[in-house]
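Okay, here we've got a single chain as structure tokens, the form predicted on its own, with questions on binding and movement later.
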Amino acid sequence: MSDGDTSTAGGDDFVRELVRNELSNGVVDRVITRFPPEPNGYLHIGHAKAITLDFGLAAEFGGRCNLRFDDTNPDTEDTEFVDAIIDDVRWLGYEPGEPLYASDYFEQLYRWAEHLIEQGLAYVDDQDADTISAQRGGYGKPGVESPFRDRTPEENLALFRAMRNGECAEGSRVLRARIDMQHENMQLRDPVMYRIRNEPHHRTGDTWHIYPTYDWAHGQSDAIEGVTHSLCTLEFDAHRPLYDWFLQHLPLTGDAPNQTEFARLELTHTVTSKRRLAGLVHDGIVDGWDDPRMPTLRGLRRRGYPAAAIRDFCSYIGVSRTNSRHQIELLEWFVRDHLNRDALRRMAVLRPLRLVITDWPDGHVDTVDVVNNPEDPAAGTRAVPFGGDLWIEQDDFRLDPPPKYFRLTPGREVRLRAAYLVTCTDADTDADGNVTTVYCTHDPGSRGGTAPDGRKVKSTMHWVSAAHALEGSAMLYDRLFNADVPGDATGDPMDDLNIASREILTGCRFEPALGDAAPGDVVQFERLGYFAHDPRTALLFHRTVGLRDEWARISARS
């Protein structure tokens, strides 16, 4: 990808080609998709690809995308997650409309289950889950039919109704589809349709004692809503024959939907398993689901990732039939590209070192004009106070400089951004040899950063006036997992956890304009990177991404 190239192959991917052909051939006369998250956690970057595909495809073809919650497991679901998912979808740039729920269809699903029982296509099994699992066999290993498989429809209906009425103990019975225990596709070996759960549901309360499995609820919910294109990730490829089998054996009033699979989004240095992410939160490894190191949309949002950058990234990588893992640096390229165009520039000193201009007039305060964003002339300039007592970065001074060090050292002249040229004359150190104060003289004729005689300097440094500085904190982030593929070597991603993934800096100094940063605003700290103002804590900034384009280096190497 060349610099600035955000073109996509989205218009030519196989899903869009499929939809285009079906519309032109009269197979469908409309496009209705759905995004069906389970409300048992927060959305992550992997969901972003599904959201952009489901909602983007529907919009492209003048259709509709339903946000439907797959709320069939009362043990782990909560309205907290429902509200968060709706908010995240909106933040990503899509209007979900009135949300739908699989629980809206519990009664219809139940009636259809009775229909299958009456047709001899479903039965109640009294065996426990472990026995049922063992009897399914495996690839090359035959399945074993349940001893309850040949119950009569009348007996199955009576037992199924008893299950619904709460007359059966949890785990004592399930309802299974009666398909083929020798089928080469394991999903068709009499899959479970209903299990007993005596748990209150976040929407239906204690009304139900039985809950449908995903495979039973999924396709039928699509059919009820009139979904034309049910888009799933590749792990559901083996489930498609079961999806179709259920629909073929039900008295549908409209056309049956079709399931199509696409590759899920995987990133290097990233884990998206809900179970793994929940473990990070519950074990206190991260501060919560919105910790900026988390791949959740909440975490990325708090870190300052623009929603538009995530959408463009998902569009750029496209839709394919083959799973692959994308470099996280590519996502960061899109983030950096957006912020470079849009973010205001500000000066901040994260590791302060005092600089005193010894020939500065006592008590005098100057102001210098600094460009807000060189990529956007309409952003204008701002007046920044400048005095004889400043803060600079500790890394910008060396008493004993290494080779090719061009910043401030004794006897060297450097430029202070948009202000003056200064020359180091001396420095104080403490008992341990650490530099505490740097002393300089300035060239009064170099106001604006340009010498009157045209002489050149090799370094320009940012600064903050000590008398006007705001004090706050910054958090710097590294990869949460060290390995490209966490757990690839050992099988446990936690073995690759980076225990030094965050550095907290206190006592940072910020120019006064940063006091006007709204919660969530992202600015460029000049020479340091892009930083997002925390949504809850004033003058706490999270580094969104650095200034260096790591993706260009990786692309050149590959």
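Note that residue numbering follows the sequence shown and begins at 1. Remember, predicted model here, so these are calculated numbers, not experimental data.
The same protein also has a form predicted together with the RNA, omitted here; what follows describes it.
- A single residue from the set Glu80, Glu375, Asp478, Glu95 has any heavy atom within 4.5 angstroms of the RNA in the model of the complex; that residue is Glu375.
- Proximity to the RNA in the model of the complex, defined as a heavy atom within 4.5 Å, singles out one entry of Met186, Ala383, Ile285, Val365, which is Met186.
- Highlighted residues Asn66, Thr152 and Ser501: none comes within 4.5 Å of the RNA in the model of the complex, counting any heavy atom.
- Heavy atoms within 4.5 Å of the RNA in the model of the complex are found in one stretch of 288-296, 350-358, 323-331, 252-260, which is 323-331.
- Residue contact with the RNA in the model of the complex: Asp237 places a heavy atom within 4.5 Å of it.
- Though the partner is left out of this view, Tyr316 does reach within 4.5 Å of the RNA in the model of the complex, counting heavy atoms only.
- The RNA in the model of the complex is not approached by Arg20, whose heavy atoms all lie more than 4.5 angstroms from it.
- Remark: Val174 counts among the residues lining the RNA in the model of the complex, judged by a heavy atom distance of 4.5 Å or less.
- Residues Gln127, Asp128, Ala129, Ile132, Ser133, Arg136, Gly137 are the ones in 123-137 with at least one heavy atom within 4.5 Å of the RNA in the model of the complex, listed in sequence order.
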